[in-house]
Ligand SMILES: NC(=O)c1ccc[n+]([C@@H]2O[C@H](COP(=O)([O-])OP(=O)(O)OC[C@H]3O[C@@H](n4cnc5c(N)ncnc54)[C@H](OP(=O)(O)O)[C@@H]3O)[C@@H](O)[C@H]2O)c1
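So this first bit is one chain, no partners, the form predicted on its own, shown in structure tokens.
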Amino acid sequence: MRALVVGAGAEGRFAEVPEPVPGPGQALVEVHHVSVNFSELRHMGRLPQGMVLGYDAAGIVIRAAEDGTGPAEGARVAAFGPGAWAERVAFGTDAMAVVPDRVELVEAAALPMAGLTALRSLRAAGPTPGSRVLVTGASGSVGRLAVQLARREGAHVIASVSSPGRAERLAAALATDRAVEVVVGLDRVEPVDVVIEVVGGPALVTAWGLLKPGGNLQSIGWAAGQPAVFPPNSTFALGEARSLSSFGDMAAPATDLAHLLTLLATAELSIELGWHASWDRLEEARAAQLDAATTGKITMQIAT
């Protein structure tokens, strides 16, 4: 079957790879759509040559798991797992969820990594109703979902973006109320209880300085590609300890993925699609991801 793999020059290329053989607790999925996450096309040089790319997929179960777990044959599913950019993939049934009728498969494909990261990092940080939550890179896929999910928890959300244009688009898309502030940069942000930090570099340092005693910063991305240089003694403060946590727990996501899909189906959550075309146009997908003017998820169609 056909798949997108890491080429010899750290580029994506098509290759013929063996058909997947589902193991215990795995279902075979015919992939219809996939989405591109931040590092998947930008940092292929870090991956082994020949490795099948991608993690996010949506499609149809063509062989249910032999142990009786998970979705039935014919079910529309979203799934998360390595090697997703292929015509057929064996996914663990603990890593997939049935897609509600109201949700298009392309939307479902855009959800797994971004949605699970936003949901689980917020859960780990523990915002409470009325707490102040800062989300950096809020116009990106993870950031935008984190803003919506934090608002559902009753938090006051400060959504930080990099430009006035992004601020206008985000505010319009989210129909923000008084409990969501969309700001450009971090210069005028007042202290916060929780930070969901996607940008890294100088933004991470600044966001840490905005954290109240007892607050938690979840570092979940490094879009800036720059080092974070903390001034001397900036990690020390009197009072209840602040904490900076890295986050990357994507284990057994089926239940959380089903929850996110339900929120999408009931319009309690929205996801922005920025570029979509056939996976044969991979180089255009790469260009769209590198284009700062493109917001929303980059998605590719595998099967018609």
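Since this is a predicted model, take the numbers as computed values, not measurements. Start at 1 and count along the sequence shown; that's the residue number.
Keep in mind the form predicted in complex with the ligand is missing from the figure; the text below concerns it.
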property	result
The ligand contact in the predicted bound form: Y55, any heavy atom under 4.5 Å	no
Residue contact check: W208 to the ligand in the predicted bound form, 4.5 Å heavy atom	no
The ligand contact in the predicted bound form: R166, any heavy atom under 4.5 Å	yes
Partner contact for T117 in the predicted bound form: the ligand, 4.5 angstroms, heavy atom	yes
The ligand in the predicted bound form: contacting segment from 125 to 133, 84 to 92, 208 to 216, 158 to 166, heavy atom within 4.5 Å	158 to 166
Selected contact from V103, V189, L174, A224, since only one has a non-hydrogen atom within 4.5 angstroms of the ligand in the predicted bound form	A224
Listed residue (L204, L149, M113, V180) with a non-hydrogen atom within 4.5 angstroms of the ligand in the predicted bound form	M113
Stretch 194 to 213 - residues with a heavy atom within 4.5 Å of the ligand in the predicted bound form	V198, V199
